[in-house]
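Below, in structure tokens: the form predicted on its own, a single chain.
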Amino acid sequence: MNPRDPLSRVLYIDLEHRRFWTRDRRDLFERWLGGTGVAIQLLKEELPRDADPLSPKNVIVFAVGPLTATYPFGSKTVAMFKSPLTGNLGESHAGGRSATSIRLAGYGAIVIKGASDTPIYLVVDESGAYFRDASALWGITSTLTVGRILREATLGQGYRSIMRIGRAGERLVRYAAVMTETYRHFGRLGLGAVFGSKKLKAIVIRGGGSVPIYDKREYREVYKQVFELAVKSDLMKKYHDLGTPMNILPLNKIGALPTRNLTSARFEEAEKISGERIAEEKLGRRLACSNCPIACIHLAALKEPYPDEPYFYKTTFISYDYEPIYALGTMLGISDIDGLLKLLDVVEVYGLDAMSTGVCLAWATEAFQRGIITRRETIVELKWGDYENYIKAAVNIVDQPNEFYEVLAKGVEKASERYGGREFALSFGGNEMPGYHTGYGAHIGFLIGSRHSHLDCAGYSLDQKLKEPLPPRELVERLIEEESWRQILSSLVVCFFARGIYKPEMVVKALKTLGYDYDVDGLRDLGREIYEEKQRLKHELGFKPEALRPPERVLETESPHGTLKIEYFDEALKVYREMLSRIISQG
């Protein structure tokens, strides 16, 4: 590690006593690289294992890595905390400018402890943290409005990032998100609720420094190789052209697109909300995260006439990706583009995680249709495709006007335990289902992945490459191998979209220019170590592998690999539990 690199500086912030301090943690960054690797260690140090996720004892760690602000796609910030949704380890990644802002403010990580007794926001720069009164911001409905106010209130040159919560975070919705800039999110596992419990409305980070390069000559050469792979090969072209919504039609074609609470894996109107159709009819602009030459953020332009002013239109820019289109589109049977965009906008404005919101509403719709719940609970009629009532229901999740919405705000698992319908509640380890019904790899990956996320180990991708399922043990080993390598990518920290560029040999070359001495085997070993550290901490925080089970609905709806069998899941989960037991005993 370059001895002049400020990456090893960690900023500690105590919200209760409104003080801050910095420490040089070169011991952590030289051992664990950065990002996920360092965040795990900081959380181990600071978080009481029995902490209630919504108590002042919970801790938030933001961490970046050596590729942040040095190489293309080093654009992600890792957030780590105890999840109020699952009750154990929470990890969420966000793009935008936050990573570069943290790095150029002179930090590799920020640790936030305690809770304020009144609403506050933080301003972080090279000199430390400043505590500002957020009473006037608390209760503002729109996360977009909060962002605009803070842009005016915290002027400053250099890279600036604004993280903030909406009403969902204030109301402690267990899957509330933290918005960063305008169109990026720490979406999964409820970081927004943790912010809300700490009365932390926002964090503004201003970076004005620079990053020293260890070997400038070699750095220019490796940077050029990465850049040219990004812009001259086909590795990243698809993300620029259509972005992740390109997945709608291919997944629908093979019968892997979850529809109407996974009662089907094909949506008969998929073409109406496909990436191609939205781009053709609604694409307004593309945006890029900091240090990214691709611009995969696609914004739809929704034009609506002003009331009583037929010749004047309001244009709203709304970000869209595959996962929100799946969760708030196909899962709810919505095929009207404008209606889908309006629902996406409400979820964005209130600061909800789109995937969890969609899965919760899909479960509620089926429960309503079966008579398990009635209008007394739902207040509005829930019917597939009725985006107007889904918008009202999403707002009710935030406002919580009755007991039903209070429970639904805790996630689909809690709601199904309270009201029934567990057999069609799409929960994996407490987290709502991602948008892939591709086969065993996807669903076992959701179950055993550290974040219960499709991005943990890409089982959905493995399914699509295989003609026949692998034996259960081999599948689990392949998933863990992939997740272990991704610990390196999320410790560097780079966007997973660029994983085809940042293969082990390229990572070794890039790190060498920054003063790190690794070989491919050393990186792979480190990735496995970080994976095991994460599994141990997750277990200490209350994760119960024996409770893992696939939702029954997954076994009922045919996948591209046919009808999935519970015996296969049982064998695969047995392999995982044996492996986890060895990891825990060795720790």
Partner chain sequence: MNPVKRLEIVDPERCVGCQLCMYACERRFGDAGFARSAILVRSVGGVERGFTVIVCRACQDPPCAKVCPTGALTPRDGGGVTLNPSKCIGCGFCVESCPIGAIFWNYEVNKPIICTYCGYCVEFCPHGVLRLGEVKGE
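Numbering follows the first chain given and starts at 1. Because the structure is predicted, anything quoted here is derived from the model rather than measured.
The same protein also exists as the form predicted in complex with the partner chain; that form is not shown, yet it is the one meant from here on.
Q: Exactly one stretch in 243-251, 289-297, 336-344, 504-512 has heavy atoms within 4.5 Å of the partner chain in the model of the complex; which is it?
A: Within 4.5 Å of the partner lies stretch 289-297.
Q: Check T70, Y159 and I213: does every one of them have a heavy atom within 4.5 Å of the partner chain in the model of the complex?
A: All of them do, each having a heavy atom within 4.5 Å of the partner.
Q: Between K232, R375, R220, K314, only one gets a heavy atom within 4.5 angstroms of the partner chain in the model of the complex; which residue is that?
A: The option sitting close enough to the partner is R220.
Q: The partner chain isn't shown here, but in the model of the complex which of A425, L104, I444, A327 has a heavy atom within 4.5 Å of it?
A: None of the other options qualify; the answer is L104.
Q: May I ask you to state whether R97 is within 4.5 Å of the partner chain in the model of the complex, using heavy atom distances?
A: Yes, R97 lies within 4.5 Å of the partner chain in the model of the complex.
Q: Is there any non-hydrogen atom of G207 lying within 4.5 Å of the partner chain in the model of the complex?
A: Although the partner chain is absent here, G207 would touch it in the model of the complex, with heavy atoms inside 4.5 Å.
Q: Would F496 show up as a contact with the partner chain in the model of the complex if we use heavy atoms at 4.5 Å?
A: F496 lies outside the contact set for the partner chain.
Q: Does any heavy atom of Y419 come within 4.5 Å of a heavy atom of the partner chain in the model of the complex?
A: So Y419 does not count as contacting the partner chain.
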